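Take a look at this single chain in structure tokens; it is the form predicted on its own.
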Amino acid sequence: MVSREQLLEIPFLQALSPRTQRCLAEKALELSLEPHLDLYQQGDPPTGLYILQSGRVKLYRHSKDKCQILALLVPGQCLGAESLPTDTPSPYAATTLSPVEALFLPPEHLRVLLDELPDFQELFLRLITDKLKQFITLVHDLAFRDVTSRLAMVLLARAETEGKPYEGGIGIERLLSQQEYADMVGTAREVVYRTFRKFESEGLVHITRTLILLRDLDRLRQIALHEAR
């Protein structure tokens, strides 16, 4: 059991009624997870709901030797349970990228809460809808933007959610390998390598062993908004 105060640290849970918050607190488990841990695989039975308190998680789909990263989740976001209402296999896999602290509602408890708490059911549907919109945006970007534009968008999105001010720009941790960046923007690792080199030569970024420093956010935004014709 977790405390109601812990739940109130998650912004999207704050609007729930006190009764619903108490019920969630009674059913939720606290998890401490290691990096590079598979939470579940694509095709697994419906999962419970994970609510991130700290750390990063990637969501991805794979087919044979190809992989597409769907999202990088940050604290305050959730994952899992999308297929629970229809009792169908999980549509994607989830793996921790760093140490993670999370609250977890097991499937059997989540079903009861959805049946008995209308405000939680409404919140759950909104969360699923938001995730669907995010995936639709990804499909659009893969179809209508080139690799340079997509990589700029990924860097800007990370800067917005986790970037820290440094002398000369905004820094983001080198959390992902070049292959993982390639899996995010839908291309080969060699193309991502060349694109990063191009960004560096144009003074847009500076890459060290532990950090990617974004030095020209305005120019990166211009590149990110470009659509291939």
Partner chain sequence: MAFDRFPVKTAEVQSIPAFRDMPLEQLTLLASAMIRQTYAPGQIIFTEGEVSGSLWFVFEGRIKIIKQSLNGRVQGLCVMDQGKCFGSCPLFDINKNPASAQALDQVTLFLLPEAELQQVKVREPQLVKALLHIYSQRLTHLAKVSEILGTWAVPDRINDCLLTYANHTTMQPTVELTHEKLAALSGTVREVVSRHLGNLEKDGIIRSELGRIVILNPNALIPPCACEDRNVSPSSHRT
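This structure is a prediction, so every number in the text was calculated from the model and none was measured. Numbering follows the first chain given and starts at 1.
The same protein also has a form predicted in complex with its partner chain, omitted here; what follows describes it.
- Select, from the options 190 to 198, 164 to 172, 35 to 43, 22 to 30, the stretch whose residues sit within 4.5 angstroms of its partner chain in the model of the complex by heavy atom distance. Correct option: 35 to 43.
- If you check L176, L204, C67, L52 against its partner chain in the model of the complex, which one has a heavy atom within 4.5 Å? Of the listed residues, the single hit is C67.
- Message: With the partner left out here, check for me: in the model of the complex, does some heavy atom of G186 sit within 4.5 Å of its partner chain?
- Response: Within the cut-off, so yes.
- Task: Indicate whether its partner chain has at least one heavy atom within 4.5 Å of a heavy atom of S98 in the model of the complex.
- Result: Taking the distances in the model of the complex, the answer for S98 is no, it never comes within 4.5 Å of its partner chain.
- Query: H109: heavy atom within 4.5 Å of its partner chain in the model of the complex?
  - Reply: Output for H109 is no: heavy atoms all beyond 4.5 Å of its partner chain.
- With the partner left out of view, is L138 within 4.5 angstroms of its partner chain in the model of the complex by any non-hydrogen atom? Contact with its partner chain, yes.
- Query: in the model of the complex, which residues of 121 to 158 put a heavy atom within 4.5 Å of its partner chain?
  - Reply: Stretch hits, in order: Q121, E122, F124, L125, R126, I128, T129, D130, K131, L132, K133, F135, I136, L138, V139, H140, L142, A143, F144.
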